[in-house]
Each structure stands twice: as structure tokens, then as C-alpha cells.
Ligand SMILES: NC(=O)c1ccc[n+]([C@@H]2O[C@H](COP(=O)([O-])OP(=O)(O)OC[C@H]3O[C@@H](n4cnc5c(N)ncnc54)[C@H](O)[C@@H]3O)[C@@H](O)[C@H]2O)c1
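This document opens with one chain alone, in C-alpha cells, the form predicted on its own.
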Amino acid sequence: MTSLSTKVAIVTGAGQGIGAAIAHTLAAAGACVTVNDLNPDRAERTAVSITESGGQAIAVVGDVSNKFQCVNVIESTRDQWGRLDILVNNAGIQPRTSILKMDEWEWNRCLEVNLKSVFFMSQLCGRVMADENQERGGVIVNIAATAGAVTAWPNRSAYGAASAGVVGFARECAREFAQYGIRVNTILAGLIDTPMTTQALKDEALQTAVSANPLQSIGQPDAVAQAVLYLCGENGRYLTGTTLIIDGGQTIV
């Protein structure tokens, strides 16, 4: 079993769904986890659930599309545990609007939450890891979607643009950060059973996509969480700049 004992991790957007599953999985492997979410109740609920299960976690509320709030998330983590080893950029929103009807605010907000937050957190955490971690390096894992980066999802142009942007940005992070021993990888998730996907599955096109999926099922958050654990552990030590697709084979159809 992968051990992350002594490691300290930040997981953004960890109040529910994939983020919560990742936070639980890293904590179960021994990591101390900062549970970040914009919603205070969700963040606290995930952190309490982890501690009640015997893990170590704190809840830090913050909008990671805001640089100053990113700093607070990072400094709260360092104040609590004195180090930072793992960053999982998971925060995201999924507006459902056609291109012809989308307004500028909706477009900007999606790119701020899904893409700009990845820049802020990767830059700021990268600086900490580069300055303080020396030979132990660090790990950054980005969670995005197959939308845009691999295939089109109906009425999700901003979501797709942000996902494609994360892939490109992560590759350059991997190149630049390698000299500091920091590995950077991206997971592109297909349709995963989360509160956000419940809303998405109201689209007939996505319902058809699930039925056409080679595995003929919707994925569970734990599938993504276990992949994150692999990338963060010793078994993933030779992986950087990669893009891992977890979609039940949907993109090969």
C-alpha cells in the first residue's frame, strides 16, 4: 500500500465529490491534509470526517481564484504542519450555457476558478517546495476534464477551454519545476458520479455518452482519488508532465 506518512497535502475544492474522495484517500495513506473549499460547511464536514476516521486534516475556507486567499490556504497549512509536499488542484465549476447565450461574466468566472486558480496555487506552492523541500521535492496533481482537452461536451465551452488550458500549463510546470524535484501531472476525468455531474446528466447528449461508454457505467470519485494517490506516491516517482485519462474508455468510442 502506498504510504504518504509525514507528507502534507493541500486539496482544493475538497468539500464534496472528487475533491473529498481525494482528501480522504491521501489522509488514509498517512498524509496530513488541508481541506480547502469555498463553502465553509462542506470544508469542515470533510475535515471532520477525516479526523473521525483517524486521519489528520484541517479545513481552510478560501476562493483559490483569488491570489491573496491562495496565500492564506498555503500559510495556514505551513503554520499547522510546518511543510508542504503535495498540491492537488481540484477546484472547479461547470457552467451549462451555449456559446451563443453565454455572457462574459460566466466565461470569466469559469476560467478564473478552473484555470487561474491552478496558476496561482502551482506558482505559490511551487515556490515553497523549491525553496524548502530540497531533495524531497514535491508533487502537483491537477484535476481537469476530458471536455475540451480530448473531446467536446455540449454547452460547456468555458469548461472545455479551462481544461485544455490546464493541460498545457501543467506540461510547462513539469518542465520548469523538474530541476527542483517537483513532479506535475494532470488527470482528465470523464463522467464521474458527483453532485456536479448529477446536474450535467440532465443533458441528453451526455446520457447517450454514458450508455455508449465501453464500460457502460459512470465513474466513481474513488477511481480518480486512487490515481492521485499513485501519482503522489513512490510508485509514480518517474512520472511528470503526463496526462492521465479516467473515463471508462469514453474517448476511444
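Every value quoted in this text rests on a predicted model; they were computed, and no experiment measured them. One rule holds for the numbers: they count along the sequence shown, beginning at 1.
The next section is about a form of this same protein that is not shown, the form predicted in complex with the ligand.
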Is it true that R83, G138 and G241 each have at least one non-hydrogen atom within 4.5 Å of the ligand in the predicted complex?
no
One residue of V184, L26, V64, V35 in contact with the ligand, assessed in the predicted complex (non-hydrogen atom, 4.5 angstroms)
V64
Quick one: of L115, I74, A91, A149, which gets a non-hydrogen atom within 4.5 angstroms of the ligand in the predicted complex?
A91
Although the partner isn't part of this model, could you tell me whether G190 comes within 4.5 Å of the ligand in the predicted complex, counting any heavy atom of the residue?
yes
Does at least one non-hydrogen atom of V48 fall within 4.5 angstroms of the ligand in the predicted complex?
no
With the cut-off set at 4.5 Å between non-hydrogen atoms, does T194 touch the ligand in the predicted complex?
yes
Does any heavy atom of Y159 come within 4.5 Å of a heavy atom of the ligand in the predicted complex?
yes
The ligand in the predicted complex - contacting residues of 8 to 36, heavy atom within 4.5 Å
G13, G15, Q16, G17, I18, G19, N36
